[in-house]
Ligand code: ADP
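First, one chain by itself in structure tokens, the form predicted on its own.
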Amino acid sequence: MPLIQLLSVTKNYLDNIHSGVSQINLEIEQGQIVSIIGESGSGKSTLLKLIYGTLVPQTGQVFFNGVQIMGPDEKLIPGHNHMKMVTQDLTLNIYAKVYDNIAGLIPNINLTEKRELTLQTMDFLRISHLADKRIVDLSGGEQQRVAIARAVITEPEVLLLDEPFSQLDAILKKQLRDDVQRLAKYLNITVIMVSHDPVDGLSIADKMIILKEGKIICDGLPKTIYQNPKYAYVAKLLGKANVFINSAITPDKNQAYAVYPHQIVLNRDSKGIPAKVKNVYFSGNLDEVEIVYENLKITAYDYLNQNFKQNQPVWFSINHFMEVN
């Protein structure tokens, strides 16, 4: 039996147009890290709230360990008792200290154990040095860590994260991803996170769910989905893919194909397909180069830093095509 199961779940806020999720069938196993990816408005947060029990499906059912999850109309305090949810609002006491925000979730039955558990949780999330600081004096990334520590100190079976990395710079984002992964394995909790950044899911998730207009269009292993996206929407979402439709340079002119920027090779030596450079964006270890071929804009990565300039001729070849719908 899966830990969490959704059967034909629909929740829309408006009639006759997409405004939530529709006909969701989903199974999540104990201990998995699950990433829900999709464009803004695709239904990611709605799906998370349905799992947590703060929204009620219009049709369908949501189960936790085989027992139907009660919604806010059936439960005095909305939200499942074995789950904790961290939203972008964080809901912290901003004028209290970090230690008190976290320790306040533990009853005063054994003060020594309470203190040890609080210190251990802060140490695990690398915020021990912030113990005596007020929440209002912390950065957004530090507040995010405190909110997660507050959520996991009671050892829930499921941790729900709504855009957990949205306020973080690249270095802090990598650290927090690592911490979430360690938490899941160390505490054997199931983590379900919503993100608009596919890297969050590709890097640490065991299972990835792609939403489009409120429906799951694919789910499975992140690596499998990335390498075989099936849909142009998925390829563009996960890797800035170029989509070729009715093009003479593809294996079959009648088939649509997606090509990631790293699958395109650029050169100056007149070998390949001729094009023209439109824009060049320096990105450290590579240049992101936009080229134009027969009025089609194509994005490629130049790992050799060949110093392409705007409007100069360039030749390209494609080393892999992915069939998509």
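Take the two forms, superpose them, and find the largest set of C-alpha atoms that agree within 1.5 Å; that set is the rigid core. Since the model is a prediction, treat every value here as computed from it, not as a measurement. Just count from 1 along the sequence shown to find any residue number.
Beyond the structure shown, there is the form predicted in complex with this ligand, which is absent from this document and is the topic of what follows.
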- Taking the shortest heavy atom distance, is residue 25 within 4.5 Å of this ligand in the model of the complex? no
- Answer with yes or no whether residue 41 is in contact with this ligand in the model of the complex, where contact means some heavy atom within 4.5 Å. yes
- Query: Closest heavy atom of residue 307 to this ligand in the model of the complex, within 4.5 Å or not?
  - Reply: no
- Task: Give a yes or no for residue 317: in the model of the complex, does one of its heavy atoms lie within 4.5 Å of a heavy atom belonging to this ligand?
- Result: no
- Message: To verify the annotation, which of these, 46, 299, 32, 54, has a non-hydrogen atom within 4.5 Å of this ligand in the model of the complex?
- Response: 46
- Note on the structure: When this ligand is considered in the model of the complex, the residues of 6 to 33 having a heavy atom within 4.5 Å of it are 13, 14, 18, 19, 20
- Message: Once you overlay the rigid core, does the Cα of residue 311 travel 2 Å or further between this form and the one not shown?
- Response: no
